[in-house]
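Below you'll find only one chain, the form predicted on its own, shown as structure tokens.
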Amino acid sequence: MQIVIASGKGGVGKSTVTASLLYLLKDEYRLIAVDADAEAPNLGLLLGVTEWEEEREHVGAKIARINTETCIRCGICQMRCPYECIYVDDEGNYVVNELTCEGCNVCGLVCPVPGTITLEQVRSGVIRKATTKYGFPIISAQLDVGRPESGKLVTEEKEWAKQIMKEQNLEHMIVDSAAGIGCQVIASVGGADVAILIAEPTPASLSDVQRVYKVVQHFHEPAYLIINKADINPGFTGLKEWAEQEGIPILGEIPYDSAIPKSMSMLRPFIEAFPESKASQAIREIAEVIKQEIIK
């Protein structure tokens, strides 16, 4: 089974809850974790991973290169670049800013000297594998600065995870999605068997979880909701009302706990660092519901 955990909004505690659920489920199920937030991968850190066993470069992005020897310095490429990523250096050469180039090739099409501007493939990021100290493997990706293709990175992560599942006879893949509704999230949600949404009781979180739920609906996947920091806004009922209207079962509610940042600095899942807290008790109850209602 492939379970994706998504939130829409960042900062609601998605990765913190995911790390604790992995910790609680690891003894009964053969798991693999996928950190699908290639722009800000933190799940490995929350599970105490500090070294990676294997890394694979992902090459796929394209950027433009200008041959200064054949360039006639007409400036048409700079005028036509839709992303304004071509500039003139101190020596008068037209140069492409690699961080902002989208590889659209408009510059190459308008250049009057054939072959002067070409597209070259460059590295988009890296995908890494480690075995956590809890015994299950984790796949993570890290996007290079300014590079596109975050969705392709996540897709490649999941393909690698599927290969490991087959090799090690693992049962379940748990994917910690990025925030938002962009390419990474679409790649995370696509192909999942079930989505667990995490939100906090605020208007901003409600708005964002509604947006990511539309992505889940697009893939016709069943969805469940966890309300995190459930007591930070007692008068707000919109989140529960929305879940009821959409027929989304609520797996449980986790109270806010100020010790969570401390567990993150300790590089340990919250449930392991502070097992007696009220939040840990709530997460344990949610894990039991997941076993009974989702994994079975």
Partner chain sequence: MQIAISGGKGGTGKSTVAINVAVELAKRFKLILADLDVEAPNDHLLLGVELQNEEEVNQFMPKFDYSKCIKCRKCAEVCEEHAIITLKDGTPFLMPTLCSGCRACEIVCPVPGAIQEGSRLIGHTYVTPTPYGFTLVTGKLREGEERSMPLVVAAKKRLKNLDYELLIVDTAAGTGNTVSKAIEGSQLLIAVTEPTPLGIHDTELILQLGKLMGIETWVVINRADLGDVNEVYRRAEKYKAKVIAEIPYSENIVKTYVSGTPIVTTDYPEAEIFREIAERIYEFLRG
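Predicted model only: the values in this text are computed from it and were never measured. Between two forms, the rigid core is the largest collection of C-alphas that superpose within 1.5 Å. Numbering follows the first chain given and starts at 1.
Absent from the display: the form predicted together with the partner chain. The rest refers to it.
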Per-stretch contact check against the partner chain in the predicted bound form, the hit in 24-32, 66-74, 242-250, 229-237 (non-hydrogen atom, 4.5 angstroms)
229-237
Consider the chain as shown here, without its partner, and state which of 135, 146, 191, 222 has a heavy atom within 4.5 Å of the partner chain in the predicted bound form.
146
Tell me, which of 88, 164, 113, 204 has a heavy atom within 4.5 angstroms of the partner chain in the predicted bound form?
204
Every residue of 53, 175 and 284 near the partner chain in the predicted bound form, heavy atom within 4.5 Å
no
So in the predicted bound form, does residue 255 come within 4.5 Å of the partner chain, heavy atom to heavy atom?
no
At 4.5 Å between heavy atoms, is residue 275 in contact with the partner chain in the predicted bound form?
no
Should residue 129 be classed as touching the partner chain in the predicted bound form when contacts are defined as heavy atoms within 4.5 Å?
no
Verify the contact flag for residue 62: yes if a non-hydrogen atom of it lies within 4.5 Å of a non-hydrogen atom of the partner chain in the predicted bound form, no if not.
yes
Taking heavy atoms and a 4.5 Å limit, what residues of 253-271 are near the partner chain in the predicted bound form?
256, 261, 264, 265, 267
Honestly, after the rigid core fit, is residue 78 moving at least 2 Å at Cα between the shown form and the other one?
yes
Do you see a C-alpha shift of 2 Å or more at residue 88 between the shown form and the other one, with the core held fixed?
yes
